[in-house]
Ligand code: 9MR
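Take a look at this one chain, the form predicted on its own, written out in structure tokens.
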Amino acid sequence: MIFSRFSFLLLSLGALSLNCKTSTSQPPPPQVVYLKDVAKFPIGASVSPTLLKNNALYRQVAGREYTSLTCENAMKMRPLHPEATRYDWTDADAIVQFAKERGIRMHGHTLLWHQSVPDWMTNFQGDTPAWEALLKDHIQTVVRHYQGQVASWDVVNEAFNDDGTLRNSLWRQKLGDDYLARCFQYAREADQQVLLFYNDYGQEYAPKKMQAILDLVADFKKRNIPIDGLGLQLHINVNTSDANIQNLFQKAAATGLKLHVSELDVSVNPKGEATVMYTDELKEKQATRYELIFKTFKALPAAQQHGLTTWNIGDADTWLRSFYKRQDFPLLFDDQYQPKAVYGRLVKVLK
């Protein structure tokens, strides 16, 4: 009887040992690694207040994937300042609050642009001092409203033509060529801490525009006009050359300013072909463009890395579809907000 009990005890201990070995030998579930986990600089996206409010999956991705957010449209003049005596903060405030609750940085876009100007401004009747007062009041009211909540601003957006000349915008017509400098001065007066950026597209393909922006920076520095960074939009496509991208980063970095890839997307259908198919070949070309941008940005001095921001989150939300009325797949997430294969490749680049 004693032997039998002892044998039973040994068998029980053996079974327990075997079960323990079996349970610990199973591999743990794969660890989810986000771009923000491996990047040493902010990873961002522009966002829509409507989608944040009404699309639960969009909101989930926006909250988990990014360390920086930009209002796609909500901080532009038309939605933010619809009447001379009224600001509508609703949508922009909702995005700022969303970011604040999750510890996400906010980048402000934009204080001045030649588009999205409300009708009351376009039709404003006043002399030069009245126009100057209008400009200053708008900039300083917005900057002060978001003081301490917005880390950086695109002060002026897209002021140059591709040939390097100043765009003949409403602001230039009413206030002269040096209105850009005064915009930056007004923004600095309103907030001594916020970072001030000049933002533009096409610097990678239009060398005269790029040079005009470099000349602007040099002039600002000479005159002690405040400027902290450059926004490089990089709305590029699968055919954009490596040399153009690398040249842009090299010249922009030479200014010593902070650099923000501010509106990144990579079109696979730049010619607007009605029957475009998102083939493996196009996916590979797109992935190599993204990899080059991430690698080149990663190699910049850390003090100049303000971040990489894609222009919205999923392909379903891209401005390329709505603005050009064409099919395109330019972002890192597909129509169902699933990360594409390029996402994993960029994680490896950043590691």
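Predicted model only: the values in this text are computed from it and were never measured. All residue numbers are counted from 1 along the displayed sequence.
In what follows, reference is made to the form predicted in complex with the ligand, a form of this protein that is not presented.
Although the partner is absent here, Gln149 lies well away from the ligand in the predicted bound form, with no heavy atom inside 4.5 Å. Contact check for Arg172: no non-hydrogen atom falls within 4.5 Å of the ligand in the predicted bound form. Contact check for Trp311: a heavy atom falls within 4.5 Å of the ligand in the predicted bound form. Although the partner is absent here, Asn161 sits far enough away that none of its heavy atoms falls within 4.5 Å of the ligand in the predicted bound form.
Of the candidates Ser241, Gln115, Thr122, Thr141, Gln115 is the one whose heavy atoms come within 4.5 Å of the ligand in the predicted bound form; the others do not. Of the residues Arg105, Lys136, Arg188, His235, just one reaches the ligand in the predicted bound form with a heavy atom at 4.5 Å or closer; this is His235.
Proximity to the ligand in the predicted bound form, taken as heavy atoms within 4.5 Å, picks out 227-235 from the listed stretches 227-235, 272-280, 176-184, 88-96. Residues Glu72, Asn73, Lys76 are the ones in 61-77 with at least one heavy atom within 4.5 Å of the ligand in the predicted bound form, listed in sequence order.
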